[in-house]
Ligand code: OGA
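Encoded as structure tokens, the following chain is the form predicted alone, with no partner shown.
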């Protein structure tokens, strides 16, 4: 859980004046997730989408597995996406734009909320038609460092709800489970607490593109 600190601790500190980051902090503090449209400008989304498609065309993606990298198992009945991990140190121009924005957010979170985020990991994700990812949570028995999960959608500008691939967050409201259905519109980013919120990706009717990753503590 993100904890807000007393306002008087931050008087006259200019880096607090980012309204988008403040919305993310407030959202997660209140409900454990945040949805921000146009977190990345359309030009950046276009460049990232082209980067993903070019690397997929070059056959660099692999079928995604369940479990972490120490204990991976490919089970098509649970998830069907294809992924490619992104190495920030080898990033192309589009990926640098992505990491510049994410790193700025991480710095802000660490300064304002003392979150202690020290690592991050991100990958491209492509869901072919008729694939999905069953309900799950983003932490592991042997690794609980993931603090915040982040999904950035790279779909085409004319993406429609009937294309499928919705992200469903399963929430607990005073002991009653509710579902929040989120459509993967381009430029939209979803951030949620990795250790709290179970979620799934509904079956895809049209190829679905994104960058998915995690901000991690020690």
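These figures come from a predicted structure and were not determined experimentally. Residue numbers count along the first chain shown, from 1.
Separately, the form predicted in complex with the named molecule exists; it is not shown, and the next lines address it.
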| property | result |
| --- | --- |
| Residue among 45, 28, 52, 151 with a heavy atom within 4.5 Å of the named molecule in the predicted complex | 151 |
| Stretch from 100-108, 130-138, 87-95, 113-121 whose residues place a heavy atom within 4.5 Å of the named molecule in the predicted complex | 130-138 |
| All of 79, 210 and 214 within 4.5 Å of the named molecule in the predicted complex, heavy atom check | yes |
| 4.5 angstroms heavy atom contact with the named molecule in the predicted complex for residue 191 | no |
| Stretch 182-204 - residues with a heavy atom within 4.5 Å of the named molecule in the predicted complex | 199, 201 |
